[in-house]
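Read the single chain below, which is given as C-alpha cells and is the form predicted alone.
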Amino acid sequence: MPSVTVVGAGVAGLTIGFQLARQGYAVTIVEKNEVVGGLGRSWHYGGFHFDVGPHRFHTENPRVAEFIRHILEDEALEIPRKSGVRMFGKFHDWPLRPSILLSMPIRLMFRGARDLIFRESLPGESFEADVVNKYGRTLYEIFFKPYTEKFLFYSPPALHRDWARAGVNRAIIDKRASADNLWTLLKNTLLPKPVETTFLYPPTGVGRFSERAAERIERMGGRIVLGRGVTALERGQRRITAVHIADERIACDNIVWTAPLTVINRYLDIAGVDLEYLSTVFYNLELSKPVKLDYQWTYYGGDEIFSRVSAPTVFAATMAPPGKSGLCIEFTCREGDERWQNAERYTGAMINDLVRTGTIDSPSDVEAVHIERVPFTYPIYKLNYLGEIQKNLRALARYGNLLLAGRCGRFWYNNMDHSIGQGLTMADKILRGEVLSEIDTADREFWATEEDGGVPSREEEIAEPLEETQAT
C-alpha cells in the first residue's frame, strides 16, 4: 500500500489518517506541538482542564456522528447548549429572549423599530452590507461593528460577507431558532421556541477525541511524531517527494497538509498571496469557587478587553476539582505583535473586567492563571479573500500528490464536525484513487446548507461499518 504523510494532528488530519490506516496505508502524522488535537486540543493543569476556546461535538450528518461516537466510545457525554451574550450592561441568553427588550434604552428601541420599517439595502459583498441588510443599522452599530473591530482589528466594510456566514449565521445551531434577518430575530425574541439541541462532550475536554484517535492510529501501525514541525519540503517538478522535520527526512508518496496555507507557501516559494490569519492568547483561570454564570460561553460586545469567555465546568463538572471551576478568556492578536509578546501585562486588566462585568466576584477568586499562545486560530475573510485563495490553490495544484485539508489548510472557518466530515469524504476519495490535488469537497457549501459535515453522498451512506486493522 502507498504511504501518506499528514502534516498537522488536528481533527481533520487525524480523521484522514485514521481512515487510511484502517485500509492499510502507511500513515505518518507530523505535529509541531507536544500533543495532538491542533485547535481542538485541551490543556490540563492538575485537575483543571481547558479547551482552546469553546468546543463541543454537534452534527446532523449520521456518518460523522457515528465516527465521533466510535472514537469516544463511553467517553461521550450528552450535554445541552447554554450560551449567552453581554449587551446593554447585562447578560442575556442566546438565542435572544424577551428580557433583551427591557435592557434596551428607549432611543434604541425606536431606532430598531425604524429599521424594521425603513429597510436599508447596501450594495456589495462586505460584512457590513450583509449584517445591515439583515439586522438593521441599529444592531450593527451597537453590537456587530464594535465586536468585530475588537475581535478582528478590521472594520466590517473591509471584510467579506462570508465572515457573517461563517460566524454570525452559524452562531445559532438549532434551525428552529434561526435569526437570518431582523424580522425573524424579533419574532424569535418575542415568541421563542424551546431549543433542545444536545451535544457530545468528553469528561476531560474535546482534546480527548484526538488523543483516542491517535492511539488507534498507532495501534493500526501508523506513526505520530510530536514536538517536531516541518522545516522544509522536497519537491520535484510535479510532486512533493519528502518532508523534513528537525534531523529527519520522511519520504512520501502523498502529503496531506492541514497546517496554515501561508506556511506551505513559504516552503514552496509561493509569493504575492494576500491571506491572513488571526492568532489568540488564551488566559486559563483556575477559580476557587463554582462559576457564577451558567453559560458555556459568553460573547462580550462592550468595552471589555476580551471578546469571549468560556466556562469549562458548564460543559462538564469534571473539568475542574469539586467546588472549583475555570474560565477561558480569549484575547485575539497577531502572532508576534505586542499583545502576543507581552501577554502577561494584560492579566490584571482581564481580571478587572471580569469583576466589573460581574463574571466573577473578586480578584481573589482567581487561584492561578495559565497563559497559552495559539497562532492561526481564525482565517480572516477580507474582501479580497476569495480571489486570493483561488490564486493560492491554483499555484499549489501543480503538485499532484498534495491535498489541503482542515481549518488552516483550506482557509475555511469551520467547526470540528465540519473538519471530521471533510476528512471522511477526502479519505473516501483518496481510497478511490483520485488525484490528491484535484480533490474538492465544496467546503463553503456547508455554510449555505447549514449541514455539519455536509450531506452524505451515496457512497458514504453505504460505507462499511467502522473496523480497525491491527498492525502485524
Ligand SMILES: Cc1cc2nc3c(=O)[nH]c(=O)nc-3n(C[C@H](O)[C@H](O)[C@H](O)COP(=O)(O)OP(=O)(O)OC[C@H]3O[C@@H](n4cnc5c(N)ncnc54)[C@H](O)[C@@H]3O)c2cc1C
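Don't overthink the numbering: it's just position in the shown sequence, from 1. This is a predicted model, so every value here is computed, not measured.
Keep in mind that the form predicted in complex with the named molecule is not shown, yet the notes after this line are about it.
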Any non-hydrogen atom of residue 4 within 4.5 angstroms of the named molecule in the model of the complex: no
Heavy atom of residue 65 within 4.5 Å of the named molecule in the model of the complex: no
Distance check, residue 308 to the named molecule in the model of the complex, heavy atom within 4.5 Å: yes
Touches the named molecule in the model of the complex: residue 55 (any heavy atom, 4.5 Å): yes
Full three-residue contact with the named molecule in the model of the complex, heavy atom 4.5 Å, for 314, 326 and 359: no
Stretch in contact in the model of the complex with the named molecule, which is absent here, among 229-237, 125-133, 84-92, 286-294 (heavy atoms within 4.5 Å): 229-237
Among the candidates 162, 211, 330, 304, the residue which, in the model of the complex, approaches the named molecule to within 4.5 Å (heavy atoms): 330
Residue (of 76, 351, 343, 263) lying close to the named molecule in the model of the complex, criterion heavy atoms within 4.5 Å: 263
Residues within 4.5 Å of the named molecule in the model of the complex, restricted to 1-39 and counted by heavy atom: 7, 8, 9, 10, 11, 12, 13, 30, 31, 32, 33, 37, 38, 39
